[in-house]
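Presented below, as structure tokens, is a lone chain in the form predicted alone.
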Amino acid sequence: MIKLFKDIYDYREMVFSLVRRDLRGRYKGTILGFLWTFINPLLQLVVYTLVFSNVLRMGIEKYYIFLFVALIPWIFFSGTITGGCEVILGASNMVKKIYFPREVLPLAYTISSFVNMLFSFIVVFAVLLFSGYGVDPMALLYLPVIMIIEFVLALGMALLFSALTVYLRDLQHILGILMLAWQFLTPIMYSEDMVPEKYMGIWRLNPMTSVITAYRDILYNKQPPHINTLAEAAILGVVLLVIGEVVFRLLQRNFAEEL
């Protein structure tokens, strides 16, 4: 693991270059360009708010805020997995011809998605402030902590699925369905107390449950997240990062042959 960190540090310029390229090319050729960073989550917010406030009534005060503070982190997480799974395939020529730590590819994609999420949070804070809902300065101190934890979790999943997709190309299509199901198994559109008690043990195994709960505590409940929530999120994030890296290391040996 120490050697991996050293290798990535040695190739940091390559990481930065890939991040810049991805950010510039993300909406290249579109009329609205970078504005889609803000428009995409806002459109999803409008749709979900209309459905869950008027059709499937949730009875949650300020539901659009309740939803928005969880939706932005979820978009980052799901987008990192569904887009990150293709990074090795998309760079097949580089992988076959040039030596570099292959982890650079999913790492760069995760970083660019994370930067995109940070820009999206501009809209979140604008909604919180201009709606009069406000923020709690002490609770906000924990926001970078949960963001880093989510980044680690997303990176682990990107490593895992980018390696697996080289061998199982159908994953590119399966993951779209998987992430839709995962979204409904995560407390994004509903609150945690709506989950039946008998399912709580299994439900808590979802690594995004504690992550979304922490975001919502900080931005919606305006209170520091419970230490157990942060610990749970951190442990699951590190475990999945280790699993992702171990699987990636095992599978990368035959990347060139499979590509």
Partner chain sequence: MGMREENAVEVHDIKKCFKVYADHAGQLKERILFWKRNRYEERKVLDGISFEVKKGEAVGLIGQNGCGKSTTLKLLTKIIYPDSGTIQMNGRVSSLIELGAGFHPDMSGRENIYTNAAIFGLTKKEIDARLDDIIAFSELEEFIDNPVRTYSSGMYMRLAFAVAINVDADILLIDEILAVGDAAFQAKCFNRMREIKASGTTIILVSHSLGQIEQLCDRSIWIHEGKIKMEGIPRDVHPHYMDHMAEMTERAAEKRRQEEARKAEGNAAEEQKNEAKEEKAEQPAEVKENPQRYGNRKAEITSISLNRPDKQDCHTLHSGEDAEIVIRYKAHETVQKAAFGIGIFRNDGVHCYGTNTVIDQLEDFDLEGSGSMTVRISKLPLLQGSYSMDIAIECDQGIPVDYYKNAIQFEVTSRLSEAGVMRVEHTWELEKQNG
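Positions refer to the first chain, counted from 1. The shown structure was predicted, so the numbers you read here are calculated from the model rather than taken from an experiment.
One more form of this protein exists, namely the form predicted together with its partner chain; it is left out here, but the text below deals with it.
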item	value
Distance check, Ile149 to its partner chain in the model of the complex, heavy atom within 4.5 Å	no
Contact test in the model of the complex: Tyr167 vs its partner chain, heavy atoms, 4.5 Å	yes
Contact test in the model of the complex: Phe248 vs its partner chain, heavy atoms, 4.5 Å	no
Met14 within 4.5 Å of its partner chain in the model of the complex, heavy atoms	yes
Stretch in contact in the model of the complex with its partner chain, which is absent here, among 91-99, 108-116, 132-140, 149-157 (heavy atoms within 4.5 Å)	91-99
